[in-house]
Structure formats: structure tokens, C-alpha cells
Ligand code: GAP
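Before any questions on binding or motion, here is one chain by itself as C-alpha cells, the form predicted on its own.
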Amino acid sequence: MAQEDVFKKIISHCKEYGFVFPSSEIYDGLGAVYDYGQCGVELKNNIKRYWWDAMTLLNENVVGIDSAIFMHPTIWKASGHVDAFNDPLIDNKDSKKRYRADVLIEEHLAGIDDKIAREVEKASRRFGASFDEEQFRTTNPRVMEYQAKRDEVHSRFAKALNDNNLEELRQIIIDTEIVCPVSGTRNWTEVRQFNLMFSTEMGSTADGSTRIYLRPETAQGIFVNFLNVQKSGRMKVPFGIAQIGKAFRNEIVARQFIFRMREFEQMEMQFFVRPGEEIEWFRKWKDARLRWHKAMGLGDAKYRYHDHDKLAHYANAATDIEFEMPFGFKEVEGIHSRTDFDLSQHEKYSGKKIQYFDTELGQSYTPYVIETSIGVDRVFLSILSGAYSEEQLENGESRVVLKLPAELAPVKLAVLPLVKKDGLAEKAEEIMNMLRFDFRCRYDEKDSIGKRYRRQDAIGTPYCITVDHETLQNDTVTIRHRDSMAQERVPVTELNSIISEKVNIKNLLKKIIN
């Protein structure tokens, strides 16, 4: 099945089973804004809990805050967002559609990578165990031709980004014959910059109001609270401050479902270190964050690092962790070495001294910062993409199953009476009442047991408990495992401990540190 078709099915599945709905749908929706349904909000909360615990439980020197969305407008002047928070946009004159110029070029480069990968895959099948991939990549004429083209475009692209050369970005699009996906033409406008911040007014009257911004990131709320946290918590460098919260960007080119939205949620951690030690900590956090992703078991090969072609003016190192979505490898998290730019800027604009006195060194300095920034919505989408599966069963039937990590699944177990008579429903409700205090449970007695299993498979419920006539005789039930569909008989009295062991988030946390 084409990956584009898989993505459409995932989007449809999200709506049908209560994960994600188009916002304001009865009013024909609002572009690039989505609501999380009854299953989606549980999965999302579990993702946030996993991240929060990984930061604050596994690291004694990381604490959390929750800063306000509304902030003093000068903060965004100091951070550079007022003057430089822009996307390079280009329009196709025939389709009237607008695109990010850098994304068009990145997708072109990804297309060349795909061609190379197909050549390698064909050769691997042809030569079998004797295949030497490295030698093939450096000697095969077609692969070498593709790679030379890619290197040339990539070199021009990186230089244009770093020079902020909008004319060169357009010229690359022209020279590589990139076409509009809608019109199929190359009738492009000039590239222009567009600021992404939403603004509003705070105050009761027009004359007395102040122009403020909806925050485009959560990081600045951490930076302006650096001294508050450091002094009140008696924190010693190195230490980190974590935060989960909403951010807002007026994305003109918002697409690919919840991957790029105008209202989204971030999980960010700013880690403050001594100047000169930032690159060492950058490498440590880069490794730690990839282990966090891989611990979910979606497949190590689905992740990769992507080092930035263009570094922000304040950064001296930056990389993305990308996940293989149905529409290609895309960023889910960024790790950045931001130097001392943020604290220095806020010191300059606020007129307040923002420094740390290091008792071991006997001196004050402005700490450098390592940032880990992850989009909740993008991780949500990566998990759904990695978990979605369509299976053909031995009996000729098929099923759609979300093979979500049991620790993150929105519903941990379903309690199902085999039939509604003979006291089975009453016994099932008794078991449900016993377990509901510890787990998110579902009770279902409608339709055949097979159909009920399929419903639970579709929302990713890892375990189903079936109450049958034998339960009334010896107080045992059947546990059905979602992925294998295997069943085992266990005593009712052991259910709590069995399920607890399998769905506890600490299982994921242990994988990170092992």
C-alpha cells in the first residue's frame, strides 16, 4: 500500500475512533487547528507524563515550571522573534497556493535520497549476502550521479539559508525544476519573509491597550524565570528547567494533519551549563533524547539524526531527531546549543543582572544553554504512524490494530462478559469496579466477543479480560494479548498485579537508563 494511502487511513482512523477531530467541524472547521477526542487526550496525556517523568524523575537536577502564555512584549524583542521569526514563502501563480521555499527544496533532496535508496535496495536483492553497500554507493554510476546532484543542490541550499539569500532559494527551485504539487507548473513568485507570531491587545480601552503576542515557543518563559528557579530551588549549575505548554504560530503553510498546526503543544527543557562545557552536554542530551524515543519500541530504524544546515545566529550546534512518517522522515525533536544568547539578551533588555555565581570557580558568569524541544503533537503522530497496522488473519478475516506501547495506550484493558446472561455481566462489572481505580478501563457487552476484540484492537487496548462461565466456578478469567492475540487463564485476584507490571510507565523509563 502506498504510504500516502496509509496516511489517509490514519487520519480517518483518528476521527472514527476518537483520537483527533477537525476543530469547529460543525462550522466547516478552522484551518490547521484540531481537537483531541476521548482516546486522543488520554494518549496525549500519557506521552506528556512519560516525558515529564523522564526529565524530572531520572534527572535530580531538572525541575519543572508552568509559565504564562501572555508575557511582556519586550521579551519577544529580546528573543529576536519580533524582528527575525520569519518563514521564506513562495507562491505558485497558477494554483494560487503558497509554500515554504526551504521545505520545497528539502523535499526535492529527500526525493533524490529515495532514488538512491531504491537503487541500493534493488542491488541488495540482486546480490544477496555478498552485497557490499558502501562499495556500491561509491562505485555505481547511477548512484554516484544522483549523489553528485544532491551534493550540489545541498551545498547551494545550505549557503543560501546561512546567507538569508531569498533570491538564491528561488533560483534553486527554478534550476531543479521543482513543480507545484497542485498545478504541476513552475510559475513561481519571488520568495518573501513572513512573521509567524500572533498578536492581540491587552487592556480595557483602545487608547490604553498594549500590543502583546501569543507565545511562539515556551522556552522564553523558562529563561525569564532562570533566577527565580535557581534561587528558590538553590540550584547549582548544571541544572535544567522543564516545561509543557501551548504555543502558537501563524503557519501559512500548515499541512500534513497535526504535524504542522497553528496551535500546538511543546515539551521543552533548557539545561544551564558552564561556558566551555556546552558541546559535551549537547552530545549527552542528544544521546539521551534518542534513547527516550527508541524506548517506545516503534523501531530503531525509524529514527535518525539530521544536523542543521543553517545554525541560528545564537547557536553553535543543532540537530533534529527525525521519525519516518508516512510522508517521509520529519523532525519530531530538536536539540540545540544556544550559547548564552537568551540570558544575555534578557539581561540587556530588562536591565537586570542575570548571572550565576559559581562557588567552585569563585566567579560569576552567564550560563550557556542546551535546549531539548519536542512537539507533543508530532510525537503523537509518530506513535500513531508507527503503531498503525492492518493484518490478515489465518481465518481469512482482517483487523486494524494500533500496536501502541502498553504504557501509553489510552485504555489499558477492556472487561468483556462472554454473554450478558447467567450472571456474567454482573461478575464482569464487579471486576471492572475492582480495577477502575488503578487503570483506564472499558466495559463492553454489545455484539459478539470477536467484534468487541476488534474495537479494542482499533484503539490500541493492550489487554482484554473475558469473563465466562468458568469464571463463576473458579474465579479465573482469560487475558487476551492485543499484538499476539494469545490468551492465558489467570486468577481474578492476580489481575491487578499482572496488568500493573505490564502498563507502568516505569518500564519505559528503565529502558532509557539501561
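If you're wondering where the values come from, they're calculated on a predicted model, not measured in any experiment. Sequential numbering from 1, following the sequence displayed.
Separately, the form predicted together with this ligand exists; it is not shown, and the next lines address it.
K.L.:
Of the options E429, E168, E145, E331, which one has a non-hydrogen atom that comes within 4.5 Å of this ligand in the predicted complex?
P.N.:
Answer to the contact question: E331.
K.L.:
Could you check which residue among M296, V411, L104, M261 gets a heavy atom within 4.5 Å of this ligand in the predicted complex?
P.N.:
Only one option qualifies, and that one is M261.
K.L.:
Using a 4.5 Å heavy atom cut-off, which stretch among 439 to 447, 264 to 272, 186 to 194, 229 to 237 contacts this ligand in the predicted complex?
P.N.:
Result of the contact check: 264 to 272.
K.L.:
Would you please decide whether I90 lies within 4.5 angstroms of this ligand in the predicted complex, comparing each non-hydrogen atom pair?
P.N.:
The answer is no: I90 has no heavy atom within 4.5 Å of this ligand.
K.L.:
Answer with yes or no whether P326 is in contact with this ligand in the predicted complex, where contact means some heavy atom within 4.5 Å.
P.N.:
It does not: once this ligand is placed as it appears in the predicted complex, P326 has no heavy atom within 4.5 Å of it.
K.L.:
How about R378 - does it come within 4.5 Å of this ligand in the predicted complex, if we only consider non-hydrogen atoms?
P.N.:
R378 belongs to the contact set for this ligand.
K.L.:
May I ask you to check whether A219 falls inside a 4.5 Å heavy atom distance of this ligand in the predicted complex?
P.N.:
A219 belongs to the contact set for this ligand.
K.L.:
Within 4.5 Å of this ligand in the predicted complex, counting any non-hydrogen atom, which residues from 370 to 396 show up?
P.N.:
Counting only heavy atoms within 4.5 Å of this ligand in the predicted complex, the contacting residues of 370 to 396 are E371, S373, I374, G375, R378.
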